[in-house]
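Just the one chain here, laid out as structure tokens, in the form predicted on its own.
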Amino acid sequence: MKSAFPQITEIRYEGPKSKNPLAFKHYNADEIVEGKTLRDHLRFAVVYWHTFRGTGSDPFGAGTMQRPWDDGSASISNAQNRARVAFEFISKLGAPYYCWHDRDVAPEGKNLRETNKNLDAVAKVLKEEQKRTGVKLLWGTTNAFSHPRFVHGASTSCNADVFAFAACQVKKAMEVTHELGGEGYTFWGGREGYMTLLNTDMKREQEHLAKFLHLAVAHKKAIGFKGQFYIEPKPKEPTKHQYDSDAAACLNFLREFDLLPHFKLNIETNHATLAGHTMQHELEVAGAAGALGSIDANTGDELLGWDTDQFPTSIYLTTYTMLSVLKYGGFKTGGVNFDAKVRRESFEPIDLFYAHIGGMDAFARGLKIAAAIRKDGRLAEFVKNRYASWDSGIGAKIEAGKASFKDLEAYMLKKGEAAASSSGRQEYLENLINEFI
């Protein structure tokens, strides 16, 4: 096949002093940090949807992207050619993984049977390309939100036939993910929510969503798929409210319906922002519950209130992210998945390289800075000392469940007043972080 990027050779690490825009300044894949290579810590993945299917269109204008390898048709041959281009890009970039929605890689047919056949035809090429390049599938997922049949949702639709169709679509996508050696499978409820409660039976819809996920768990066992299941929180857009609105809501839902043992969370920065949280907050919520699985690495624009999916370039963002990821033991089956798209104004193919190089360098710097902060120990020591009153005496008794309200009353009546609290020293800690950045 003719090269789609003939002027681009393999992207290499040249170090911080390099002025080459097509080289890594900080991502040295083989560099060891906290006992693992950067490659194994970060487990970078390129997404199929934004990177190879994004057109640059928005509500106010048509697409702008120049993609000379794509003839714009919904033919199988075009989809197969696109797959080969994708692997040329990913392998030249040096990312070890990729991710896809089923409809990214293969077009919809005139019925379910034809749609499944289309996916099989492209999956054959994906498998060939994985073998040729060594690039692996981090996770697959299903687009059950774009087609008009999903106007009222998929598993939460008021139409039982739509629930059944979505189940068939997920079944097939899970099977293809399994065939391709995928390390996980993600559920994102693109329209699993409501626009108005006036026409919504919320209790019934959430029960249907839980039933759907239990069916997926059962099928996972039936086909012998060992990959991790993920839920991806998002509060809104395109719906007014989505049932997987943030990490806490997802965890509550999973616990309520006895699904927590089967799922971890795939946390996205821009979704955290839309929920009114920071990325670090969402990671801490998931991590504390033992449910931190993977991340969608992107960012939003502080002045815009929607999901802009920009590439991450803030070293503060990546440092805080990796502090939490390292705190909870790092990625096992998940990774750093660039669910990000080049700007509408960045329309040339080479911009795809610039964007991913920048994101990979930003996360490499964030990882190394986070590791240095952990090695320094002052931040961890400060937090430990701040909670020292819980490590002995009355605090230890409360945590051990050995103190009743009556016991606490007797304690305070004898003591008379609570001990003075220490300063939170936020400014000192922010200055400490700045020492490393």
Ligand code: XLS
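Counting begins at 1, following the sequence as shown. Because the structure is a prediction, the values reported are computed rather than measured.
Below: the form predicted in complex with this ligand, not depicted.
Interface residue among 156, 321, 141, 294, judged by heavy atoms within 4.5 Å of this ligand in the model of the complex: 141. Proximity to this ligand in the model of the complex, taken as a non-hydrogen atom within 4.5 angstroms, holds for one residue of 411, 49, 69, 382, which is 49. Within 4.5 Å of any heavy atom of this ligand in the model of the complex lies no heavy atom of residue 282. Remark: residue 205 does not count among the residues lining this ligand in the model of the complex, judged by a heavy atom distance of 4.5 Å or less. When contacts are judged by a 4.5 Å heavy atom cut-off, residue 339 counts as touching this ligand in the model of the complex. Interface residue remark: residue 103 is not counted as part of the site for this ligand in the model of the complex, having no heavy atom within 4.5 Å. Only one segment in the set 347 to 355, 110 to 118, 250 to 258, 231 to 239 has residues whose heavy atoms sit within 4.5 Å of this ligand in the model of the complex; it is 231 to 239. Residue 188 is the only member of 176 to 195 with a non-hydrogen atom no more than 4.5 angstroms from this ligand in the model of the complex.
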